[in-house]
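First comes one chain, alone, set out as structure tokens in the form predicted alone.
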């Protein structure tokens, strides 16, 4: 084994869509390898022929690409079937394995399997996170390593694969701790040096149950569809069970790689908190340049064919109200954006400010506001200039009494940006049209 260069791996099974916990394992393995100037390998463990599917493998590759976790080498276990057979034969020839006659207990059970001859001894290894761990392997019995010469099982192939790839550090979930003694026994029987092990704490769902693809945990690609940024997802996953210390929380992947330390990984389970992920994502949205923000917004809202010029103007407003870009569709469904692009239908009763319901007086004020706005040159239709023009009248009549019906006339909504911001967005012609529509209604 090459012990001078760190080599880690991510070895998922393509038997379902992987969740955040799986990709946190990939991230920790990736960061450790990159920090040490080593290699990060992707291995697809597809020996389960019935449940392994190409769509799941494609999703794994797509997810790693989206997250930016580039790998240096790639392999599939299904491409090594014949090679595994040579190792099975080696174990049989050395007496470390034997063909076992079985009594089938259920339909489909084999009458013959290959078992590892357990030396029934204590196995001790030093986990880089949990320290020294010792097992008495007697309780494991003579465990199965293959169903036939061409059908090896997990415990054997994982050892052979890791040895062939010269893996130096295996970073995986703590649910694999109980598998490690079997693997060490096989390493010894094959005359191979076992790698270093680091078992990271499990990632739990909010209800503190183990996160699992079989229990409905979301594939990482679903977060992309919901409008999360990969940088935010990476930052959040890195902090599930580890952090570099201090108050700072936002780190790019290069900074995370530099700071990552296996010795600082917590031993207790981490809880996946969607609210905290939303916070990270919102913070990363704030860091995006305006042109990038507009690109995300316009691509998300493309099916609605909104006016691009207006959409560009309102992008800063709407991104203030979201934690992820998928929430833009919720704003559309809740009719929170339509008024920017089309004249709203005004509800008369909404024009009343607090208890004032003298609609004739409201109409007169809106006529005055319209007359004032008609005198302002188009070039001065900015928030500050419009406020300067309307403020004396608003102060005289009562700010709420003037500005509330003005804002409702422009948006038709109980909640919307202030009227000066709306007027700057709509411009002179559209603003006057909307005001006159309300005046006609009254």
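Numbering follows the first chain given and starts at 1. These figures come from a predicted structure and were not determined experimentally.
Omitted from view is the form predicted together with a small molecule, to which the following refers.
- Item | the small molecule: the contacting residue among 154, 187, 359, 125 in the predicted bound form [heavy atom, 4.5 Å] | Residue within 4.5 Å of the partner: 154.
- Contact residue in the predicted bound form, from 115, 80, 176, 110 (heavy atom within 4.5 Å of the small molecule): Filtering the options by heavy-atom distance leaves 176.
- Examine residue 57 and determine whether its closest non-hydrogen atom to the small molecule in the predicted bound form is within 4.5 angstroms. No, residue 57 is distant from the partner.
- Message: Can you tell me whether residue 20 touches the small molecule? I mean in the predicted bound form, with a 4.5 angstroms heavy atom cut-off.
- Response: No, residue 20 sits far enough from the small molecule in the predicted bound form that none of its heavy atoms falls within 4.5 Å.
- Classify residue 13 as contacting or not contacting the small molecule in the predicted bound form by the rule of any non-hydrogen atom within 4.5 angstroms, answering yes or no. Judged by the heavy-atom cut-off of 4.5 Å, residue 13 is in contact with the small molecule in the predicted bound form.
- Item | residue 182, heavy atom within 4.5 angstroms of the small molecule in the predicted bound form | Contact check for residue 182: no, nothing within 4.5 Å of the small molecule in the predicted bound form.
- in the predicted bound form, which of 265 to 273, 154 to 162, 325 to 333, 217 to 225 comes within 4.5 Å of the small molecule (heavy atoms)? Single hit among the candidates: 154 to 162.
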